[in-house]
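Just one chain follows, in the form predicted on its own, and it is written as structure tokens.
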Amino acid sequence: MRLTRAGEYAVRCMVYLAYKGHGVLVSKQEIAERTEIPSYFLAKIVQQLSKARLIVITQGPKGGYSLLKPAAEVSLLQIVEVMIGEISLNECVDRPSSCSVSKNCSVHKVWEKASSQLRETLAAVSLAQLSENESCIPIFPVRVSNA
């Protein structure tokens, strides 16, 4: 399993919002610039995050995005699974009926255990933890034009 670009960008966006603070309204432009997410892609990502009730979208010239829940209540797993669906390493884990031998297959049990461990690891990490160390926040410097 490899995290999609949408998943990566969603994590960047959410960590940045957590860094700014729960309920703090942050403009689309600021997030796009500081996290190097293309603006058009960010617009798509936030729709999914909003639908999942992780953020609030405020429309208008002074609009932007803010965390709906405190950062400590949002896990890395929640963000990733909003973007890519439930994590599973193999189709037989996600849909055991897709393989006639999955009930007795020793490899299936390994895939199942690995999927479970990955989900547990991601669930154990909150946005608060990811944003507490400023030097670890995936924030990119704002580019200043020489014009």
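Each residue number is its position in the shown sequence, starting from 1. These numbers come from a predicted model, not from an experiment.
Form predicted together with the DNA: not shown, discussed below.
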- prompt: Contact between Pro70 and the DNA in the model of the complex at 4.5 Å, heavy atoms?
  reply: no
field: Non-hydrogen atom contact Lys28 with the DNA in the model of the complex at 4.5 angstroms
entry: yes
message: I'd like to know if Lys113 sits close to the DNA in the model of the complex, meaning any non-hydrogen atom pair within 4.5 angstroms.
response: no
message: With a cut-off of 4.5 Å between heavy atoms, is Gly85 one of the residues that contacts the DNA in the model of the complex?
response: no
- prompt: Of the listed stretches (105-113, 74-82, 34-42, 118-126), which one has a non-hydrogen atom within 4.5 Å of the DNA in the model of the complex?
  reply: 34-42
- prompt: Counting only heavy atoms, which residues in 46-66 are within 4.5 Å of the DNA in the model of the complex?
  reply: Val46, Gln47, Ile57, Thr58, Gln59, Gly60, Pro61, Lys62, Gly63, Gly64, Tyr65
